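Before any questions on binding or motion, here is one chain by itself as C-alpha cells, the form predicted alone.
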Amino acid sequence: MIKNFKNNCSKKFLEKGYPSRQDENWKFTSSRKLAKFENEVNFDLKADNIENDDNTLLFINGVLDENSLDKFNYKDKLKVINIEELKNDVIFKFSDNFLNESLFNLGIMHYKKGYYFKFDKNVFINEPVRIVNYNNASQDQSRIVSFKIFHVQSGSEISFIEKDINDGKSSFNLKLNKFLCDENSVLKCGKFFEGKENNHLLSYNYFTLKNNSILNIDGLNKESVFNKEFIEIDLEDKGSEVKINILNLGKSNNHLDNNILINHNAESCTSFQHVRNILDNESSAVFNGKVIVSEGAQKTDSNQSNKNLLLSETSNAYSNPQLEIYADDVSCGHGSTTGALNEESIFYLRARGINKSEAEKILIKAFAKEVVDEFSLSSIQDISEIALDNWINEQN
C-alpha cells in the first residue's frame, strides 16, 4: 500500500521540483536554501544524554527509540505499527493541498521509518505524552525526515507536547504528521520549538475530526532561522471544534511562517485561529490563514486573528487571512493588525517611575500573554512563559 503512495509522491516531486515564490503557499518564503540539504544521517545513533522518562516517546533522527516505547507508561493502551505493514489506504489519505506540495512529496520519498500509533477507545491520559525529536546530523546540509500517524479513537482524551532537540551539524528537519480524531474524542497538541542557527524546520500536520471531537493546538516558536509549518484540518462531521493558539518570537534574521487551512465540511462546527508574532532586528513572519465553509456547512462559527508587533524598522510581517464561504447561515470573521509599541503606553508607564526599557518589556509581555493565556495545556503554558521572559530579557 505504502509503496504505491511513495511511487506517486516521487513522480510528483520529480515533476515539480522545489517550490518557487510563484506557488501561493511559498509567496513570502523561499525554499532555495532547502535544496542544498541532501546528505543522509546516522539512523543507528544513540541519545543517552536525552531525558527519557516513562511518559516520553523518543525519536532519534526520525526513528522511534524502542527503549522509550518499552518503558512507556501507556504501552498497553497503544498499538504501534510500522507504516510499511499497513493495509488500510484510508490511513494514508492526505488532502489534495498536501499532495500538491512538492516538499511533502519529498518527505514521503525519503523517510526512513514511519509509524502508526493507535490508542485504544475510551482512554484518558491525564499527563501529556512527551514527543521528543532528537536530531543530530554528523555532516553539514543533512536532511532528516520523520513520518508519524496518530489515531485517537472514540471517547479518548489524549495530550501531546512535542519538542525538538537539535545537535550536530546543519540540518533540514522535515516532519510529516497525520492525526485521526474519532467521534467524541479530545486531542490537545502542544509544540515548543527553540531553533538554532543551523537548523531549518518544515512540518506538515494534517488533522481529520469526526463528530463532536475537539482539537486544541498550542504552539511557541522561538528564534528559528527557518520555520515553516503547515496545518490543515478537516472538520468532517457535525459538532466538532478546533482552537489554534500560536506565538512566534523572532530576532536576528529569523523567518517564521504559519500556513493554516481549516475546511468546514459539516454543520455546527467551530474553529478559532489566534496567531501572534513579535519580531525584532531583520526577522520576518508570515501568516496565511484560510477557512473554507462548504455548501451545507450551516451553523458554522469561525474566527481568525493575527497580530504582529514589530520592534525594529527592519522586521517584516506578511498577513493574509482568507474566507471562502458557500453556506448562508454562518458566523465568520477575521482580523489582522501590524504595528510598533504604543508610545502613549510607554509614556504612561514612565510617568509612574518605570524606565523606558522596563516599560517596553512590560508591553511586549502583555502582548504575548494574550495568546499564551489561551493555551489549553498548563505545562506548555509554563514552558512558554519561561521562554518568553528569557527572550524579552535578551532583547536589551
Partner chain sequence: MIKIKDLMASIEDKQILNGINLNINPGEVHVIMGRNGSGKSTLANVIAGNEAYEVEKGSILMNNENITEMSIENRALNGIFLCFQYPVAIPGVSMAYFLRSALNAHLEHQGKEEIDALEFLKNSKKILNELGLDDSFLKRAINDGFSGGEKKKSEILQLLSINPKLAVLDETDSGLDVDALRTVAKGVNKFKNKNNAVLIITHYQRLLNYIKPDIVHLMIDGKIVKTGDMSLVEKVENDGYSWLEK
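Positions refer to the first chain, counted from 1. Keep in mind it's a predicted model, so treat the numbers as computed, not measured.
Separately, the form predicted together with its partner chain exists; it is not shown, and the next lines address it.
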| said: Can you work out whether residue 43 and its partner chain are in contact in the predicted bound form, taking contact to mean some heavy atom pair no more than 4.5 Å apart? | reply: no
Although its partner chain is absent from this view, report whether residue 36 comes within 4.5 Å of it in the predicted bound form, heavy atoms only. no
Its partner chain contact in the predicted bound form: residue 340, any heavy atom under 4.5 Å:
no
So in the predicted bound form, does any heavy atom of residue 50 sit within 4.5 Å of its partner chain? no
Only one of 365 to 373, 60 to 68, 325 to 333, 22 to 30 sits within 4.5 Å of its partner chain in the predicted bound form by heavy atom distance, namely 365 to 373
Contact check, 334 to 352 vs its partner chain in the predicted bound form, heavy atom within 4.5 Å, ordered by sequence, gives 344, 345, 347, 348, 349, 350, 351, 352
